[in-house]
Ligand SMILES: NC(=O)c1ccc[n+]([C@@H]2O[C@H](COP(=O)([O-])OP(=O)(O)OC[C@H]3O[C@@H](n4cnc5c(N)ncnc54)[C@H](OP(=O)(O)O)[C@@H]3O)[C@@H](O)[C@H]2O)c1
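The chain that follows stands alone, in the form predicted on its own, written as structure tokens.
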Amino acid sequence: MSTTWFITGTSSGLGRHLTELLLERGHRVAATLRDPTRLADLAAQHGDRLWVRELDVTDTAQLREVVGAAFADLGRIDVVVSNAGFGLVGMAEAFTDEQIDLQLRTNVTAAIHLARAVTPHLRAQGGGRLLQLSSQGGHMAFPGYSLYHASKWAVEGFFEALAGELEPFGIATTLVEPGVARTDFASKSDVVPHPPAYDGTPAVQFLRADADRSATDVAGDPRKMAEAILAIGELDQPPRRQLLGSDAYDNVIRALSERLEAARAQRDLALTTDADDYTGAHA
């Protein structure tokens, strides 16, 4: 059965792969990106099954206008994919205020505004799917990626709460959490030179090793990831979270296991801070 998808950030990477895959399989796609000419080849090949609009997701007024136009022009939209984003790499103290603001506006604020913009439309049509691209980095963290991780941890918290708000309306949310993929994400990341004081530190050594990885050191196949995202969008009961890639699975399982073990070790001290008349009726 043909369905209609709305996707942000379709010029390259997972967004482009997902758009191509959906069109190949007969679905309709509302594709948004900052430079619509990047999809000219797909528009020529697939005609009116591809609806394209210019969108800078950090422009909230434009985002709301494009979302409204997509639902008005296409009618029902079955799956919304919030994919636009980028990485900011470097030592936290080296970032400019403007870089920090752009990272959070693109990866967090824009995702929140997109979810808010599509919710009334999805509710009015009786339901739908909302897929948010997160990352293995929404559960754990690597040195040198502090702001990127901050953005993904923020998105994870927002959608964890949002899921409980939207499920009564038949709107299912899924946080898609890939590991590292063979896309141009790294080349499009903003890399900030580190201050000399960090020379020889583990953080700089990690970033250099990360930059020197060969393609075969990267687990994620973006085409296979796009296929998995398509499958999630078609599930009657999709998961609230879905890891993609063996690296994501291994890293997240390790991080969560270590965190759970550390939390359990804190039980005795944690309980000493309860008020004497506490009834135990916690959330």
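Just count from 1 along the sequence shown to find any residue number. Since the model is a prediction, treat every value here as computed from it, not as a measurement.
Just so it is clear, the following notes concern the form predicted together with the ligand, a form of the same protein that is not shown.
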Evaluate L133 for contact with the ligand in the predicted complex, applying a 4.5 angstroms cut-off between non-hydrogen atoms, and reply yes or no.
-> yes
Although the ligand is absent from this view, report whether M91 comes within 4.5 Å of it in the predicted complex, heavy atoms only.
-> no
A30 near the ligand in the predicted complex, any heavy atom under 4.5 Å?
-> no
At the 4.5 Å heavy atom threshold, is T19 in contact with the ligand in the predicted complex?
-> no
Pick from 50-58, 251-259, 64-72, 230-238: which stretch has non-hydrogen atoms within 4.5 Å of the ligand in the predicted complex?
-> 50-58
Heavy atom distance at most 4.5 Å to the ligand in the predicted complex, all of L14, R34 and P178 | yes
Among E160, E165, D210, D184, which has any heavy atom within 4.5 Å of the ligand in the predicted complex?
-> D184
Answer key, the ligand contact in the predicted complex at 4.5 Å (heavy atoms) among K188, R123, R116, R76: the residue is K188
Residues in 151-170 with any heavy atom within 4.5 Å of the ligand in the predicted complex = K152
